[in-house]
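What follows is one chain in C-alpha cells, specifically the form predicted alone.
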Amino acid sequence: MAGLTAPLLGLEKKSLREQALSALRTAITSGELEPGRHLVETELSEMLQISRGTLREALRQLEQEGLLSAGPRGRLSVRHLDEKEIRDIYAVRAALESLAARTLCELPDRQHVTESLHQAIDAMTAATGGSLEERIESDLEFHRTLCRLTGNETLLHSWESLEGSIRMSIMFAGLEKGVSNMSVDRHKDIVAAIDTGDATLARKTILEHMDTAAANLVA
C-alpha cells in the first residue's frame, strides 16, 4: 500500500465507518486503488487509523456496492469490469430508468418532478469545476432523483444496487470518458422529454442516453 496519499492518510475520530467508506470510495473511483488490487487489512487499518473491525464493516459495505470482489478464501480486491459487464450494467440501468421516466410521464402534475430534476442539474453544473468524486456524485444524484420521484421503492432499491458497478464502469473507462458522460446538456434532454408527458419520447431519450454512455465507456 506504499505511496497512497490523501484521502487514505488518517481520519478524524467521528463517524469513522462513514469516513472510511468515503475515503475508500474516493481511492477506488480515482484509481488510487486500481482494479485488481488486493487489499491488506492490517495496512489499510493502520493507514486510516481505525480498528480492523471498523475497516471490515466499511469493506463489507463496499463489497455490497460492487466496488470490491472476494477471491479465494474471501480475500478482497478492487473489482475489475470487462466490456460485457459494463454493457450489461447499462442495459439494466436503461430498463430501470426508462420505467422511471414512463412513470413520471403518467403523473397528472409533473411540475414538482421537473423542478427537482432541474435542481439536480444545477448541482451537476456547480460540480463541473470540482473533483471527480463530486462530479460522479452529482451525476448519480440526478439519476437517483429520477428513480426516487416515482415513489416506487423497489425500483429505487434496484437502481441503488447498481451504484457500485456504475462507479467501477467509470474507473474502467478512465477520467476523460467518464466525465464526457456527465454532460449537463444530455441530462437536460431527459428532463425536457419527461416534461412533455410523452412516455414514448422519454423512454427513447433514456435508452439513447444509456446506449451512448455504455458505448463511450467501452470505446
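In this text the structure is predicted, and so the values were computed from the model without any measurement. Heads up: residue numbers just count along the shown sequence, starting at 1.
Not pictured, yet referred to below: the form predicted in complex with a further copy of the same chain.
Peer 1: Identify whether a further copy of the same chain in the predicted complex is within 4.5 Å of every residue in the set 95, 158 and 161, based on non-hydrogen atoms.
Peer 2: The answer is yes; 95, 158 and 161 each reach a further copy of the same chain.
Peer 1: Can any non-hydrogen atom of residue 46 be found within 4.5 angstroms of a further copy of the same chain in the predicted complex?
Peer 2: No - in the predicted complex, heavy atoms of residue 46 and a further copy of the same chain never come within 4.5 Å of each other.
Peer 1: Would you check, heavy atoms only and a 4.5 Å threshold, whether residue 42 touches a further copy of the same chain in the predicted complex?
Peer 2: Looking in the predicted complex, residue contacts with a further copy of the same chain do not include residue 42, since no heavy atom lies within 4.5 Å.
Peer 1: Heavy atoms within 4.5 Å of a further copy of the same chain in the predicted complex: does residue 56 have any?
Peer 2: Yes, contact at 4.5 Å.
Peer 1: Please tell me whether any heavy atom belonging to residue 65 falls inside 4.5 Å of a heavy atom of a further copy of the same chain, as the geometry stands in the predicted complex.
Peer 2: Taking the distances in the predicted complex, the answer for residue 65 is yes, it comes within 4.5 Å of a further copy of the same chain.
Peer 1: Please pick, from 188, 60, 177, 37, the one residue with any non-hydrogen atom lying within 4.5 angstroms of a further copy of the same chain in the predicted complex.
Peer 2: Answer to the contact question: 60.
Peer 1: Quick check on this chain: which one of 127, 121, 140, 99 has a heavy atom within 4.5 Å of a further copy of the same chain in the predicted complex?
Peer 2: Going through each option in turn, the one that passes is 99.
Peer 1: Taking 4.5 angstroms as the heavy atom distance cut-off, pick the stretch from 128 to 136, 110 to 118, 141 to 149, 78 to 86 that is near a further copy of the same chain in the predicted complex.
Peer 2: Among the candidates, contact is made by 78 to 86.
Peer 1: What residues, if any, in 187 to 203 have a non-hydrogen atom within 4.5 angstroms of a further copy of the same chain in the predicted complex?
Peer 2: Just 203.
Peer 1: Relative to the form shown here, do the C-alpha atoms of residue 62 and residue 125 sit closer together or farther apart in the predicted complex, given a change of 3 Å or more?
Peer 2: Relative to the displayed form, residue 62 and residue 125 move farther apart in the predicted complex - a change of at least 3 Å between their C-alphas.
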